[in-house]
Structures are given as C-alpha cells and as structure tokens.
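This document starts with one chain, in the form predicted on its own, laid out as structure tokens.
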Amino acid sequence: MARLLLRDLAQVATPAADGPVARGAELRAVAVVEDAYVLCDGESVRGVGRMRDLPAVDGDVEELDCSGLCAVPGLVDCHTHPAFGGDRVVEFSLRAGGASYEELHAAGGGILSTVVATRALSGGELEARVRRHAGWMLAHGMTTWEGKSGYGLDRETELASLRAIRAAGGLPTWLGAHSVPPEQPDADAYLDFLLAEVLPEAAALADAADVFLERGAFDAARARRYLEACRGAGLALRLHGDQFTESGAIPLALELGARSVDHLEATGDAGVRALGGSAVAAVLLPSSALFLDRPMPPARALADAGAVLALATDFNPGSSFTTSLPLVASLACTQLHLAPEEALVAMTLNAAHVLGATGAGRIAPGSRADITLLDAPDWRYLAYHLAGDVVSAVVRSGAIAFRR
C-alpha cells in the first residue's frame, strides 16, 4: 500500500473536538503541532507529530519536503451548484449598474436563464463543465465537495446533472425543487411531476435532497411535501432557507430532522435560538451575501447560541461565482466576526458532518488522508491572506492531487 510522508511542516492544524461535530467552545478548539510530520498510509492518516518524534519508516515511502508549509485538513465545501451551462455575466453587469430585480428578469436573467443554457448541453458537455469546476475547487484546497442539481428542472437534465457530479468526484444532492420551470402551470403540478417522474431515479443517484424554501419559490407546505417524499425514498434532507425572508424553513428543518438549513441571511432571534439547541446545522454562505450585497447571516449569534456552524461557497453562476473556501474563510473572519479557528472547523469537521463524509475534516490517525498544504508560516493565513494563492498543494486519499 502506498505511503506518503509530509515532513518538516511548519505547523499541522486540525479540529480538536473528540466527536464528529463541534459546537460551543469546541468550535474554537484547534490543535496545532509545530515542526511536524504527517504520515499517510494508503487512504488513511497513520501518524501525526513532531519531527523529532518521527519513528523509523521502513519500506517504500514517498517523502515530500514541506519546509515552510502548513497543513490543515482537506477543505470540505458542503454547498455548491456546479452543474450548469452558460453564465450570468450580463446579469452581473446589469446588477452592478443598478438594475432592479424586475429589470434583471425582463432582460432574461435569473435561475431560468441558466436552466435554458443547461438544458442545451449534452450529457458529455455537462460532465465536462462539472469536471472543470471540480478542478477549480481542488486548486482552492477542497478535497470533499457536495454538488446540487437544480438547473435542469426536467427529468433528463436533472438526472444527467447528478451523474455528472458523481463522475467528477462530488457528492450529489437533488435540488429538483429549485424553481418552477416555464412548461409547468404551477408549483403543485411541478411537484406532481418531480415526485412521480424524477424522484425514483434521482434517489438512486443522489445522497440528499434540497429545496428552495423562499417567497417566489416553494412555500413551507410544498417544501414539506417534497422533502417527506424524498426522505421516504432514502435521501438525507437539506433546505435553502431564510435567504431573503423568514418563511418557515427553520421550523420545517427541525421537524423533519434535516441535516442543515443553508443561507440564513434573514434569520432573526427566534431562529437563532432554535438552531442553537438543535442538531440541524446552520450552513452559512457569506460569499453569496457579498455578491448580492445582502445582509450577512448572524454567524456570531448562532455560534454563541451553540449552533452547529458550517461554511460553504454556494458556487453558482448567478449569486456566488467563486470556488474559493479560503476567500470564504476571510469573509467569515472579517464580515461574520468568527475567529480563524471557528472558520477552519466550520469548513472541515462540521462541513464533513453535514455531508455524512465519515473520516473527513481532521488530521488524526485513522482519518482520511485528505490534507491541504498552505504556502504560509502560520495556518491562519488561510483566512488572513485575502484572496491570495495560499494553497500550495493538496493531498487526497493519500496521494498528491494538486501542486501549484
């Protein structure tokens, strides 16, 4: 079995929580080893420690000189939308020039414009797009990522999106209830179609289901119908909620035992308290709020209430065109008022928990050998070096998958 030794690291930094998730005081708990090594044995970490304590390593071992580098767990992006055609650069330009929401839609913008472009792709073209996006993620240190469908809104393109995400190494989430396509008369008729014609095959391809619960998309009653059917088909549950309005996403997520509710830019005090005492994770997407010039989610209040916090990019063509979790870490510290330790845990251990990615999100004996190497003397450069090329190399499943 192949072995890889990362030697002479300036630091190894990893979440210190004992369990599969960190909240409260443990959200700030990061263990740091100076002048360190990490020994990978196949797809798992075999040992971590000080260089002076490195035991003799016999046999065939690939050694990587990591002088001046820091190691953190492979970053985990638990909310992306990588399966799409075209772009929304015209919409971006119009928004930057002051166009209203109504003006953007009159100009052909919005989710449905991406639906048209995505449906126009062949299965092979869609897979090539997702693989390209996965390459961008890897270059920013991501070793585990979730990808949502939701830009097909028909049977063939939704299923092709899920296949493309899996083929590119992602964990697929079926976001069939993203918007109502123009060929459907209303949301109820569309849900009838989704649950009868798409769910049976989507459940065999995806790990989870997601719904956009928001004014103008799907209300709480329709979201419940969709999610209950998906749960019955064996899928884990996720929700887009409280992005623009509080429309019942958090109570529904708690009622159904969802893994997470994501966005939360509009969440008030009652929602913060509810999530603080629950097992439902709060996935925060500050790059989306920044991109749309929206209020940031109440991250500090959620952390102080004891919520399970995760961070993600929300990579998509319309409202967060970035694949950089290091940028999200910077936003988490500067805009969400989280500590660097909280940001690291939220995009490693806790994000892996949201995805059910056992073994990911930490560097410890027995964990996955997924490691992001930072070209920096201190691991906190992950957030400190704003939009910098801080990722030097990425180890995935015990092998070097990217080098800058």
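A residue's number is simply how far along the shown sequence it sits, counting from 1. Keep in mind that what you see is a predicted model, and the values were worked out from it rather than measured.
The following text describes the form predicted together with a small molecule, which does not appear among the structures shown.
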Interface membership of residue 318, the small molecule in the model of the complex, 4.5 Å heavy atom rule: yes
Exercise: residue 187 in contact with the small molecule in the model of the complex, heavy atom 4.5 Å: no
Distance check, residue 287 to the small molecule in the model of the complex, heavy atom within 4.5 Å: no
Proximity of residue 333 to the small molecule in the model of the complex, heavy atoms at 4.5 Å: no
Heavy atom within 4.5 Å of the small molecule in the model of the complex - residue from 146, 158, 242, 314: 314
Candidate from 163, 88, 133, 222 lying within 4.5 Å of the small molecule in the model of the complex - any heavy atom: 88
Complete contact of 81, 111 and 263 with the small molecule in the model of the complex (any heavy atom, 4.5 Å): yes
Stretch in contact in the model of the complex with the small molecule, which is absent here, among 318 to 326, 198 to 206, 122 to 130, 249 to 257 (heavy atoms within 4.5 Å): 318 to 326
